[in-house]
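In structure tokens, one chain follows: the form predicted on its own.
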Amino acid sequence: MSGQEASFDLLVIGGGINGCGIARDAAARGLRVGLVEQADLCHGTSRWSSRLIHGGLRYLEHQEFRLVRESLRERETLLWTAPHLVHPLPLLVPLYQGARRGRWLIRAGLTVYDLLSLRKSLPPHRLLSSADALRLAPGLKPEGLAGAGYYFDAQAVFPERLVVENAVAAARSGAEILTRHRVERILVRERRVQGVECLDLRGQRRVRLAAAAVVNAAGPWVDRVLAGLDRDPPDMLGGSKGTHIVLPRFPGAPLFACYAEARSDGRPYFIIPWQGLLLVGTTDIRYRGDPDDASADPAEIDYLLAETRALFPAARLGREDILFHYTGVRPLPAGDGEDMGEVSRRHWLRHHGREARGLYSVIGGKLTTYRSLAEEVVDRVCSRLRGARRPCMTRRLPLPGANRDLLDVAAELAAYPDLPATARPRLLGLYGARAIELARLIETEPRLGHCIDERSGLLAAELLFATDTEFAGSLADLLLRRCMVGLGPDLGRSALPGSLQVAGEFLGWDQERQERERADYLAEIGRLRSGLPDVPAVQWRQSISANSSRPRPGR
């Protein structure tokens, strides 16, 4: 079955951070906006990053001063507009004798970094002695340690939540968010874009969406979206695969994030405290395959383990210590034979004027600069559409979870008797001011205040909240990309029984649906442990418990 569904000023293809950011900006300016995503929000590249909001210290080596300045400005914007999701993060840069990047180079880089962000709210850098470095990272290899650089960037613990809140903001301004709609064809008439034809993957029906302008923000799928044009443009992407591993905290683990130089090849990499665990990455390998098939090679895992062991030799880490790993594809611009580390992380906006006027593609970009990218894209679109539009407001417009002071929100949450006190910090960190909406939901149905997973603190109300207000449609959507319990040490296995029970009682999932959702969820998280030893979940819990008493970095 085929039919016309809706007509828009702007149709955005891709539900990652760039697509949702563009939809939010455009809808706030008064455009009629539709967003289509072939899977779930934040299903691709946006969730597989190092989870940093940073200026890109290493970009200075390639003289990308404009990108660093833009990134530092956007870091400051996010610290103000999304303080529940983006937090200051201190970093150590261990300095070893004989390293490619010596003390003077690191000092010069950090000085320039500070100069490019003169209006920042974060403290300036410092240089530490080796004794001070070992105090903050006791397990660092002491031999040859000459000191450390110490500076601040920021962390988005859950980029998934950042994407979702941009989609929520877009919908509140009138945008229509269509997940699980795969673009089959871009519609063109007389070399002008007319919209797209999609396959609704839930109902298995074809729908046509008319639009005066279309932005292809499909990340590593950009070229595939364009493949249906009558005149195929040349491939624009040269994907790069990045892998991270997640470890429990080990004795001597750093109190703050470490930004280190790999001993084997000189590449910089991170060891980052992350929700009580350690996130180690990343690799940077040319990748030309299907983004859905990207996975960690054994060599990548061995590389990250070996470099972490070299920096923290007493930890004696092995594959059996890895809780899980993840891999994503960066949508970088095409290039032949280039060192992937030298490919710019800037974004490009391509107007396909020769094939379809009004059709744009976004190439590249990074999590940190999604808002400024969206502003640029919507400025270009508005310049082609008739009628006056409001200027961009997102630089000072808080995301929905930050539209109130978080201290006031915390005080108000305490007034809801059916909301467990132990759940309040978690809800505040995930939902910000929107936690009040959750509390009101529990007030209308106290059973929804029940904790359905003691390990994570997940409340039954969160599943209904995500389904009703955040476009979630599957168990994986709920646990991995909304409530975020699926990225814990056991990958959310402990939350499965309670979640399915709630879905059956409150969401109407019958037994067949529950079994199908369970199987799909286990298959999805199974990819995150592929190639690792089959370590029982009880051993993971013991491992985490043994390290949970270690001091954690504060803000």
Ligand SMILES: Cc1cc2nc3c(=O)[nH]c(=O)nc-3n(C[C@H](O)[C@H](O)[C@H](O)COP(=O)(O)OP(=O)(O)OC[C@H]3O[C@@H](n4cnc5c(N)ncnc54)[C@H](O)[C@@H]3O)c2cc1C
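Numbers follow the displayed sequence, beginning with 1. Since we're looking at a predicted model, the values are computed, not measured.
There is also a form predicted in complex with the ligand; it is not shown, and the following applies to it.
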| item | value |
| --- | --- |
| Proximity of His244 to the ligand in the model of the complex, heavy atoms at 4.5 Å | yes |
| 4.5 Å heavy atom contact, Gln514 to the ligand in the model of the complex | no |
| In the model of the complex, Ser46 touching the ligand (heavy atom, 4.5 Å) | yes |
| 4.5 Å heavy atom contact, Arg29 to the ligand in the model of the complex | no |
| Segment that reaches the ligand in the model of the complex - one of 447-455, 218-226, 81-89, 425-433, heavy atoms within 4.5 Å | 218-226 |
| One residue of Ala211, Leu419, Ala260, Val183 in contact with the ligand, assessed in the model of the complex (non-hydrogen atom, 4.5 angstroms) | Val183 |
| Listed residue (Arg75, Arg330, Arg371, Arg482) with a non-hydrogen atom within 4.5 angstroms of the ligand in the model of the complex | Arg330 |
